[in-house]
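Only one chain is included here, represented as structure tokens and corresponding to the form predicted on its own.
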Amino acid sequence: MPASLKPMLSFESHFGRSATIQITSPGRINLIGEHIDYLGGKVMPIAIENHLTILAGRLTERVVEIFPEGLGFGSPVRIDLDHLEKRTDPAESWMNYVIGVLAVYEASGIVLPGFCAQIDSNLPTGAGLSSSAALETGIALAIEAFSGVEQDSIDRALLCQRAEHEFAGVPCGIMDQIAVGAGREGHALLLDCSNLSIHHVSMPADLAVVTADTGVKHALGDGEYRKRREDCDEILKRLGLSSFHELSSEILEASASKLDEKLFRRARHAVTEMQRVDLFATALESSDQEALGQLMKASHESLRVDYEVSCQELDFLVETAYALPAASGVIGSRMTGGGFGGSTVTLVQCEKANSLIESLKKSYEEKFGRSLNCFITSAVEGAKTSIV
């Protein structure tokens, strides 16, 4: 049986009907610009090949039936559209990403359609690759397909962000949802989170993107992510500023006495990471590989020391990549995503990517006694809906 037919037959066996649409919703990797999207900074993500797929069909009842076959979460669930309440059972926490999107779309004035959906994914959860934003965007596209009301990618992203804030309890920035929805093949998105403007920057054809998933599951709803945002709010309050755009390295140094040591380091990361993004975009456009490597290394070190969101596994992978000889083709490496686990992203010369993966896998298993999920990806188009 062709592999492409298996999901269709699975859908029919679960729901007793045929799917009418298919939604492909990619994950994302951030090349640089970490923990500054919620501060109005610029970021440089790409939508990646690893993705979430939703097969869906219309229902006349006011219910949404979800079979999360490829998510690793429980069994089929049924959501009453007249009772969109946040789930408090930890085993059902994933459902808040679905319920939240349904609720905010309804609050925006859209009459929610009933539908059934089967979800498959080759996007690892908890790996810092925006599996949550991929799920939110996929559900949003299903709502739009069956309601006949279409949002543009920015408005859709804002609704999904609101859902994550209010229902999943994660005060995320806007980067993930926009990257998932507005990705362009072969390009990185230079996204200005202060005004949501996007400039697509071409990725050098001779560079590959290698992702290494540590297997350490981060949980951004556990409080540490929120603490970093609260730290940044406190910094602005103490310095009498309304935005980090008003804070330069010189002003920060002159105002150091107003901050304790921890808040000073948090602020230093924000200021320097904002600077690095512009420099990285310039280096990417000019294929300045030396500058790319230096900027990625400085970004990781800032996240490790000043923002304290890395972990030993991430640090080990970054150090291992930079310790390889020049012949390995490694350009630069850093942690990607919210941190506290998750993945690293490494730029490497295309012909050396497979050798790099073998080196990282071998070193990681020797160090930690467990396997490393490592793969090559590239920049792809954002989430889309097709008729089946």
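Position 1 is the first residue in the sequence shown; the rest follow in order. Predicted model only: the values in this text are computed from it and were never measured.
Just so you know, the form predicted in complex with a small molecule exists too; it's not on screen, but the next bit is about it.
Contact between G173 and the small molecule in the predicted complex is found at the 4.5 Å heavy atom cutoff. Although the partner is absent here, G338 sits close enough that one of its heavy atoms falls within 4.5 Å of the small molecule in the predicted complex. The small molecule is not shown here, but in the predicted complex it comes within 4.5 Å of a heavy atom of G33.
Using a 4.5 angstroms threshold between heavy atoms, F244 stays clear of the small molecule in the predicted complex.
Only one of 165-173, 198-206, 108-116, 94-102 places residue heavy atoms within 4.5 angstroms of the small molecule in the predicted complex, namely 165-173.
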